[in-house]
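Quick setup: one chain, the form predicted alone, written in structure tokens, and binding and motion questions come after.
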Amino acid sequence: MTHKPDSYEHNMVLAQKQFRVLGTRPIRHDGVDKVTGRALYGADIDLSGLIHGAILRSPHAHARIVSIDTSAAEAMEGVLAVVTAADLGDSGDKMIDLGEGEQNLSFLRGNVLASGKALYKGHAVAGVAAASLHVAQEAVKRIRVEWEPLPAVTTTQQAMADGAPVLHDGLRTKELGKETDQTGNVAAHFRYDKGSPDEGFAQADVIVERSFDTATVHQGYIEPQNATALWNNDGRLQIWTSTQGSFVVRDTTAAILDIPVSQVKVTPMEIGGGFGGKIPVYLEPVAALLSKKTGRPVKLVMSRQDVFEATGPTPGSHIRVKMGATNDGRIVAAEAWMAYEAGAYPESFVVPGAMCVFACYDIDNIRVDGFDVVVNKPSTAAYRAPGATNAAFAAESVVDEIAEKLGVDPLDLRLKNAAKEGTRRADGVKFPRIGLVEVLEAMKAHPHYQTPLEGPHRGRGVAVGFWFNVGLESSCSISVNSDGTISLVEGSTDIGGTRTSIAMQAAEVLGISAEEVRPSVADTDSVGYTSVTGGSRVTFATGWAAHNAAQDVVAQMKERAAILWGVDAGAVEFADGTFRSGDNSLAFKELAKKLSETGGPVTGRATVHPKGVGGSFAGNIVDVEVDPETAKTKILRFTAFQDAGKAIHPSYVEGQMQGGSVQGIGWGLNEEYFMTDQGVMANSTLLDYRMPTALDLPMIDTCIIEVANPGHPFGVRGVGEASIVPPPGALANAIHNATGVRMSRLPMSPPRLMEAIWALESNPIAAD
């Protein structure tokens, strides 16, 4: 792996460098297949002898499983196999590392098929395989389960209350990193400290302290979860699935089934959206067991209701934020108390939320307390900057209120306190070169901010947000074809056009066009280990692997040119797609034609685990109009800003910014899991779960800022996640400026906003 270059020098070189491929907008390599319907998604797989499966799911949010009788289902004509948690076996509750930190194996297994208890409505209990889907669905209804219903808790406040029903009898709280004997629903309490908050607040002239609540929301991908498995006669298990990480599916499934990873091969299909929600494993082990019992390939596909009720949404949260500032606008202290819903099993993404809550600001005195709390909802999964949107809604609302009390421009306050290179976050990380100041300066100078907003019931709001990004492992190989094109094989599943962004980085090194690269995403047997498509890592990390693999190709081809010219390989130079030594020169394509004369094919390869992720900052300016009769919020104008480091393919960067903004808008204004007192989701359809449509949105204008990341050879920063972080905060601030109401709960739906307006009108002093 290339060494990390000096920050200042590297940024200066990148700022001055003229790229041939990077920054252009070629047509995506998979575009034709997708627009013509030829691309194969998970549900499209069709194997010889394929049979279909269905899942029995719990009707209760919390219930003990007294007994399961599958005999009536097994006796049905056409039913070929039934499996329950007993078929999974039990290799203990050991911790396993699947590439993103350690996870409890018993929790992973329990989420696939419930054992002992069902912990949320929709929790999988049994699986059936049959000759047809209709027979499988009918057989599921004939499985008899004796339930002992138990009280359910669906919020952190309920779960943390004295005497609350306990989900896991053996769950002991980890307190400040240490195991304790305390049992309950708090899986962990941790703290980040920086400086002395008490001393900081003593210096403050203005202190604002508020509480905030955010609802559970879903990623909203269009394609449901799916898996097809064939446990072959040779003992190998093959899986076809739409996933954000084929190696995670391989390793998780192998661990749950207690078989070696070498026995499992996963082929990633095209993926119809994920946003973090298609990293966990749900169906694959069940399909595998059914296949093993029947000797046939088995396909499982979730319904939309299953997706809502049984896959991982983002955590709801209860957050308290306190911040203090001096009269000259310097934020001197900040505290956050953050309780996040983990769903049925621990790991709620409160840790990244705590890492991000004050990351935009250079504050000397910070304390953050985080609580990971289990509740009777589906076990949470990542959703675009998981945990950060909840945190930014709270922090950015308080920052805006401080600006209002001080009588200063909200962007000026943010600029005065903006994190810069060298700023240390509360979790201990010191920022390298970052672009928050440039984002804020672009926001303040933008025509949107400079144009007056006129008319009644209208308001303008701003907010910024941060996502730290990750690196993790990536592998890539490149084969040079005799016509001068290359075949590139990578392991990162493509959600947002990353085949092309990776191909472009290889093309830039080799001096060829993006169209002369043939990229493909391979199965787990055909490429080196590659971590998930998530964490805004693919264009950064897999792009780095492609860069290094291309450099490997260049080094080998220099040796081939040296053979042709009778010189030492060290005397051969390569630039702008041409090899040169003295008077000799050959373009990349010309030399490719001569490889057979100099030793045969050339294949480059690279595996990387880069650390210099850099992080990305995003900002929003939003104008709204609130209908005084209905409290419906109409977005008049929305501009998104983000530091991309280097925009490899500007159209894709703009698309990520727009997509994340739309999801943040839905999170802010409409979307929520509406839970009954019994812990049942009452709106588990796309008709009732209100994601924004084109009719609800203006055009999302974008402004790309490029502050090169010194931790990447092309200055790349991942851009897939930061865009979802600031929208709810910006909307809340705009709604306040339109109505005088400061909303403290998401979503800010018309009924909720109307109630707040009425409360303000009846008691304006209490709202201060």
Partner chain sequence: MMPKKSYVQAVINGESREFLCEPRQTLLEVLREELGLTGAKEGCGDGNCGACVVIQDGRLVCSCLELAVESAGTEITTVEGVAGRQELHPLQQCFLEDAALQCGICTPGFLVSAKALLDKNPDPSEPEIRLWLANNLCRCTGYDKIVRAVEHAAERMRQEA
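Quick caveat, the model's predicted, so the values are computed rather than measured. Residue numbers count along the first chain shown, from 1.
There is also a form predicted in complex with its partner chain; it is not shown, and the following applies to it.
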### Query
in the predicted complex, which of 114 to 122, 468 to 476, 332 to 340, 268 to 276 comes within 4.5 Å of its partner chain (heavy atoms)?
268 to 276
### Query
Counting only non-hydrogen atoms and a 4.5 angstroms cut-off, does H134 reach its partner chain in the predicted complex?
yes
### Task
Check whether K34 has any heavy atom within 4.5 Å of a heavy atom of its partner chain in the predicted complex, and answer yes or no.
yes
### Query
Even though its partner chain is not shown here, does Q219 get within 4.5 Å of it in the predicted complex, heavy atoms only?
yes
### Message
Contact with its partner chain in the predicted complex for G484, defined as at least one heavy atom pair within 4.5 Å: yes or no?
### Response
no
#### Entry: Residue among G184, G195, P698, P432 with a heavy atom within 4.5 Å of its partner chain in the predicted complex
P698
### in the predicted complex, the one of T500, S492, Q656, T214 near its partner chain [non-hydrogen atom within 4.5 angstroms]
Q656
### Query
Going by heavy atoms, what in 23 to 47 lies within 4.5 angstroms of its partner chain in the predicted complex?
I27, R28, G31, V32, K34, V35, T36, G37, A39, L40, Y41, A43, D44
